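This document opens with one chain alone, in structure tokens, the form predicted alone.
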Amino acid sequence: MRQRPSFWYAAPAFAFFALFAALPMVLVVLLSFTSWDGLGTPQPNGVDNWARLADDGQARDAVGRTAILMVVSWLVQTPIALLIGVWAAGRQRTRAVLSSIFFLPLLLSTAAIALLWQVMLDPNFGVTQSIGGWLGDVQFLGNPSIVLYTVAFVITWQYVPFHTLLYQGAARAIPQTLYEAATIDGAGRVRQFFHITLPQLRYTVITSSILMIVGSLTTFDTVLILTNGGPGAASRIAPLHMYITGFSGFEMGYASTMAVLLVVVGTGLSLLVMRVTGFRSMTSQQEGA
């Protein structure tokens, strides 16, 4: 007689999630309705933090910068990771060597990457000093107009290899019979890419996009080390603004309100992407293969 799967098999995973995800989230929600400096006893203050957040111009600006970073990161990372992932899934002679070099950023910590690019972009002895004759006096980390795009570039350099792995694995799962049939019908590589590869990678694109959205809303250490939100507040995105408010301004209750807002926005955007793209009703894309 076939036994049904037992709940106890999943109990360790549920316990881990409850202890390290659900419980901290509940505590943060409770703190968002308090006034707390991080040292004394939290004092309930109703919805004062939420009312303050609605009128906080700095918080709105930080959310706007986060939205820009999210859009720019998606627009740049998605096509690059998609194309390299499809290429890495092939059988080129140099594929293994070049792929191993390209995936090196995955082996580095975020702090190491931020420090590396901070040194490279230093206006005194970094790469801008070496090629200053080509670019002129460009301050990648000191110009408020371009510093946010510089941060997006560093994030792209760090995370494109991860998303490339997603596309590489998905591209290798596409049946070769589809390409063989397309070749017989006279379709070239470009037509095969747009009519076979891209449709087959639809759900991988959605998954990668959701990860980018959530990642943009939680990016913190890269910006903290690279620019510390500067110059001025030009690169102070929402997670960094939350950190500065809580740990530098000793307003843990108000910072918790920002944290809850980021969770709500991230969850809402992820659900919206899944609903609009039909990801929830995902079906096989290899029927008839």
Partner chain sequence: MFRRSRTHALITMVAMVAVAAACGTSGPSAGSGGGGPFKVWALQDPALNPIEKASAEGAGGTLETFGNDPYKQKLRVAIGSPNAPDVFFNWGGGNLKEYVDADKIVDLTPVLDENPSLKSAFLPSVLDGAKIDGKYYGIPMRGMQPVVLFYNKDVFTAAGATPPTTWDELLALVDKFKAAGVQPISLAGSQAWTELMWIEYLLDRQGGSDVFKNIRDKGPAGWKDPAVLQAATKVKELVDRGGFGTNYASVGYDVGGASTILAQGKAAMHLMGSWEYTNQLQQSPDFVKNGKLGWVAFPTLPGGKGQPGTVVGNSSNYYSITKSSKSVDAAKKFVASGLNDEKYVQSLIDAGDVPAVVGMKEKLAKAPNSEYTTWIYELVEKATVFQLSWDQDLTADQSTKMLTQLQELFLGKVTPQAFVDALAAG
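Residue numbers count along the first chain shown, from 1. Just so we're clear, the structure is a prediction, and the values are computed from it rather than from any experiment.
Although it is not shown, the form predicted together with its partner chain is what the next lines describe.
Within 4.5 Å of some heavy atom of its partner chain in the predicted complex lies at least one heavy atom of Arg52. In the predicted complex, its partner chain stays beyond 4.5 Å of every heavy atom belonging to Ile101. Contact between Gln139 and its partner chain in the predicted complex is found at the 4.5 Å heavy atom cutoff.
Interface residue remark: Tyr243 is counted as part of the site for its partner chain in the predicted complex, having a heavy atom within 4.5 Å. Heavy atoms within 4.5 Å of its partner chain in the predicted complex are found in one stretch of 73-81, 106-114, 166-174, 212-220, which is 212-220. Each of Leu23, Asn124 and Val263 comes within 4.5 Å of its partner chain in the predicted complex, counting any heavy atom. Residues from 26-49 that approach its partner chain in the predicted complex with a non-hydrogen atom closer than or equal to 4.5 Å are Leu27, Val28, Leu31, Trp36, Asp37, Gly38, Leu39, Gly40, Pro42, in the order they occur in the chain.
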